[in-house]
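In structure tokens, one chain follows: the form predicted on its own.
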Amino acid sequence: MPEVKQTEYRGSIHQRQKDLMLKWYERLNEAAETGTPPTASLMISGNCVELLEAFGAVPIYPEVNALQLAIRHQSLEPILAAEEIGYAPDNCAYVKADIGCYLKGITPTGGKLPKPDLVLCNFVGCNTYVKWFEHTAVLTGSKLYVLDVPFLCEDEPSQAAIDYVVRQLKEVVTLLESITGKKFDYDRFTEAVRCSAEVEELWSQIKHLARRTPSPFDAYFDAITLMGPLYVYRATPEGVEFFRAALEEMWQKVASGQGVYDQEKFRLVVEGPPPYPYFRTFRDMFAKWKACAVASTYSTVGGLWEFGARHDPDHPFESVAMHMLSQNVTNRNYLQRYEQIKRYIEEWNADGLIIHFVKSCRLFSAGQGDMRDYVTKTLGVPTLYIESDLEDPRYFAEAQTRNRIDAFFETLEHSKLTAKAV
């Protein structure tokens, strides 16, 4: 197989991703201008986008809009606009950026965001979602439906919990029929679930390639490029096509022995999302040490597919309910998150763990200090704990963060050299 240069590889995937995301924003702008296609706001984690596909509705993901604003250095203005009407400085910055978008009319691409026909709060793990979507419904005058998804207390959800969520999903179907004026297309729904299952399998294969040395991609920073299409197009043929092409290019890198760097010096697991307003700066801090993330918990917010979870077209409603209940990281307890990180460290052969504490996300970040103690003391794995924010540029101390990262890798490098000498 001919050698694939790193720049060609990144450019190819990046361009496909860019084209798909721009297409999504064009559809949202069209909906804002004409009222069609129908749209619905929903969360990334444990969502039921397959139901929307059955009606030809387009998802609006406030989290995706917020991170796109942040990575393009446009997040502060909408955050300040939200604070001006009463949101506190320590409220979730994603919420403030999203609310500020509607207040200021700011979007990542300059187009318009439609007022959603349905604000569909798939409450999974984070209680902020409920108030966020209540406020969005009031601000936009949209209909609101809150899906009550029980928290996963055991390893697997009970049949009663699955049935409870399925009943709500069927209520959403009835609501979408009344909103769109369309009859629920069960075959189209089943096909959307089948597409999701295929995308999940392809994404899982991509993530498992990072177990190789060298890893053909960075499962934290490069995964961000893939996560946009993963969320927006998961239940579509376009998503299947994109991830087939992405997997093929990954295999080309594996065949030519190419990793993220000319030499892979450190292999990491990363917990928590990145500081999007300083995404490139943050990545460069790791690139300096040729440190590659081989696994990340953030890339499982949409689903835990590398561990075998899949949608099932033979049981579409039940599998959508299962996905919401147990197959995403945010609806799982801390012991389950510990086990996930432990598997990554052991099965992906990692040297250390990076924990990025998000200052405006107290619910998800609470307990990460205990997580650090568990990984350091119980597993004996070097761990770095750093703080900033995923959206608000005011919470990033570049010099301090750089010093802590450099000190961590200096220590890790010394430990490796000492181990070799022994």
Partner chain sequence: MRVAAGVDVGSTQTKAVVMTENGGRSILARALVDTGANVRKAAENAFVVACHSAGIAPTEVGFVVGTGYGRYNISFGNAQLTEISCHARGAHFVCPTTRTVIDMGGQDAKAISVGSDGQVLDFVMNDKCAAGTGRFLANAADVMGIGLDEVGPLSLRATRAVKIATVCTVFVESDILSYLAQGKKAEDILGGVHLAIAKRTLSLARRVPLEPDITMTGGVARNVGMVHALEEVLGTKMQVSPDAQFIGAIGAAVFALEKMDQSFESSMWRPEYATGSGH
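Please read all numbers here as calculations on a predicted model, not as lab measurements. Positions refer to the first chain, counted from 1.
The same protein also has a form predicted together with its partner chain, omitted here; what follows describes it.
Contact with its partner chain, judged by heavy atoms within 4.5 Å in the predicted bound form, is confined among 32-40, 50-58, 380-388, 64-72 to 380-388. This chain is displayed alone, yet in the predicted bound form one of Lys288, Lys183, His208, Lys265 has a heavy atom within 4.5 Å of its partner chain; that residue is Lys288. In the predicted bound form, its partner chain stays beyond 4.5 Å of every heavy atom belonging to Glu26. Taking non-hydrogen atoms only, His14 never approaches its partner chain to within 4.5 angstroms in the predicted bound form. Within 4.5 Å of any heavy atom of its partner chain in the predicted bound form lies no heavy atom of Lys18.
Taking non-hydrogen atoms only, Tyr395 approaches its partner chain to within 4.5 angstroms in the predicted bound form.
Annotation for 351-370: the only interface residue with its partner chain in the predicted bound form is Lys359 [heavy atom within 4.5 Å].
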